[in-house]
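Take a look at this one chain, the form predicted on its own, written out in C-alpha cells.
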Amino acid sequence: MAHFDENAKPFSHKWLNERLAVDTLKRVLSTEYWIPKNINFLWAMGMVLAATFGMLLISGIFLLMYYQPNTQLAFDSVNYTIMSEVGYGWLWRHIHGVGASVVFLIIYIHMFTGIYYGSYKRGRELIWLSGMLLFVAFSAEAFSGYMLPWGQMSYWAGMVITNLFSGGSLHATGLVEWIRGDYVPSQAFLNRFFMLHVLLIPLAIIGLIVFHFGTLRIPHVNNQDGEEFDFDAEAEKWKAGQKKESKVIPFNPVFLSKDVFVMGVYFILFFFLVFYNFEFAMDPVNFDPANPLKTPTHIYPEWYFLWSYEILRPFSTNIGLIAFAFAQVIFFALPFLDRSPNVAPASRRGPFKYWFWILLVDMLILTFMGKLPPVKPWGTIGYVAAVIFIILWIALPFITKSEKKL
C-alpha cells in the first residue's frame, strides 16, 4: 500500500510520484529500458519517424488556421492565401508537403530494415503487426491530405481510388457513393476527407505509435546480429560498472543521445529540401484547379503509392483488384510466412537474402513504372514486375522452410 506524505507540496516531484509513480515510469520506460549495443543508425528510424510526424502535426495546425474546406475556396486558400498572403505560410506548406513525402521514405527504410534483420520473428510479431497498422494509417492520412488542395490530381486521384471500392462493377451496391457522399467527388467528399485528415486518422496514428512503442518494451529491440541474450544479466553488468563487458545500454541517456544525433543530421537534410528542393513534393498538375469536365492525360498517385498502383494497372479489372488487395495485406502475413528458425541478417540466411534483394529491386521497378504511361515497353516491364512480386510472396514459405538453423 502506497504511503502518502501529507506535507508534500502540491505538484512537487514527491507529490506527483506518490500519485503517478513518475520514478517507476521513468525507470521502466527510460533509464532501465535496455537496448543492445550492436545496432546501427538504422534503428533510429523509428524516432526519426515520430519526430517527422510531430513536424507534420505542427505545420498542419498552422495550415488549418487558413485552409477553407470548401470546393469553391479550397484551391485558392492553399495556393494564394497561404502561399502569398499569410506571413511564412509558404514555409509551413513546404514543411508539410516535404514531410508528407519524406515520412514514407523513412517508413520504407524502417520496414525493410525490419525485414532484413528479421525483427518480426520469435516473439516480435506484434511489433511488426502494429508497425504495419501504422503504415496503413499513414497511407490513409496521406491520401486524405492529397484531396484537400482540390487541384486536378486531387480530384481525379480521389475519383480513381474511390472507384476501386466498386469491385470493378459499375453497378455496385452504392458503397462508392456512400464513401463520397455523392455520385462524384464534391463538397460532401471534401468534408469527409477533411475530417479524417485533421482529426480521426491523426488520433489513430498517435494511439498506434504508443502501442508500437509498447510492443517493443517486452521482447526488447532486435540487433543487427540477431543475437539473443539475457537482458537482465547484461543490465546487471552495466549497473555494476562493467559497461564494456555489458552487451546493452540504457535507452536514456545513452541510446537516446545517438537517436538525437541521427535526427540532427536528418533535419539538416529535411530543411535543405524544404528551402531549396520542395518541388519534388508538389505535383505540377495539382496547381490547376479541380475540373470534373477535364481528365488529366495520365492519372497517378504520389510516389509512395506507385508500387501498389502498378500492381493493379497491368491486369484486367477483376484480376487487378485481387492483385492490388493481395499487395495491401501480404506484408501483414510476413511473420507467419517466414518459416525459418533463424533470427539473423538476410546476408546469413542463404536463399532468403536473394529473396530480400529481389523484392526490394522489384518494388523500386514497380515505383518507377507506376509514374510512366502504360505503353510498351513500360507496360510490359510493369506487368512482369507485378507478377514477380506475387510469386515472391507465394514462394517465401517454401524458401524459408528449407533454411538450416544457424
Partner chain sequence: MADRRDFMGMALGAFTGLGALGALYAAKRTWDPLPSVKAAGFTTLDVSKAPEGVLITEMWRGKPIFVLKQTKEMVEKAKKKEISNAKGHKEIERLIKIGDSYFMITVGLCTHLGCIPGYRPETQDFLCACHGGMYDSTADVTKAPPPRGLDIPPYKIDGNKLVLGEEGPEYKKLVETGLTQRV
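Residue numbers count along the first chain shown, from 1. Note that the structure is a prediction, hence the values are computed from the model and not measured.
The same protein also exists as the form predicted together with the partner chain; that form is not shown, yet it is the one meant from here on.
Asker: Indicate whether Thr297 is a 4.5 Å heavy atom neighbour of the partner chain in the predicted bound form.
Answerer: Contact with the partner chain, yes.
Asker: Should Tyr88 be classed as touching the partner chain in the predicted bound form when contacts are defined as heavy atoms within 4.5 Å?
Answerer: No, Tyr88 stays farther than 4.5 Å from the partner chain in the predicted bound form.
Asker: Check whether Pro374 has any heavy atom within 4.5 Å of a heavy atom of the partner chain in the predicted bound form, and answer yes or no.
Answerer: Heavy-atom contact with the partner chain at 4.5 Å: present for Pro374.
Asker: Please check if Trp156 has a heavy atom lying within 4.5 Å of any heavy atom of the partner chain in the predicted bound form.
Answerer: Yes, Trp156 is a contact residue.
Asker: Which of these residues, Leu312, Leu190, Leu134, Val262, gets a heavy atom within 4.5 Å of the partner chain in the predicted bound form?
Answerer: Checking each option against the partner chain in the predicted bound form, the one that comes within 4.5 Å is Leu312.
Asker: Sort through Gln328, Thr81, Asn163, Ser101 and report the residue having a heavy atom within 4.5 Å of the partner chain in the predicted bound form.
Answerer: If I apply the 4.5 Å criterion carefully, the residue I get is Asn163.
Asker: Please pick out the stretch from 119-127, 210-218, 193-201, 227-235 that is in contact with the partner chain in the predicted bound form, where contact means heavy atoms within 4.5 Å.
Answerer: Result of the contact check: 193-201.
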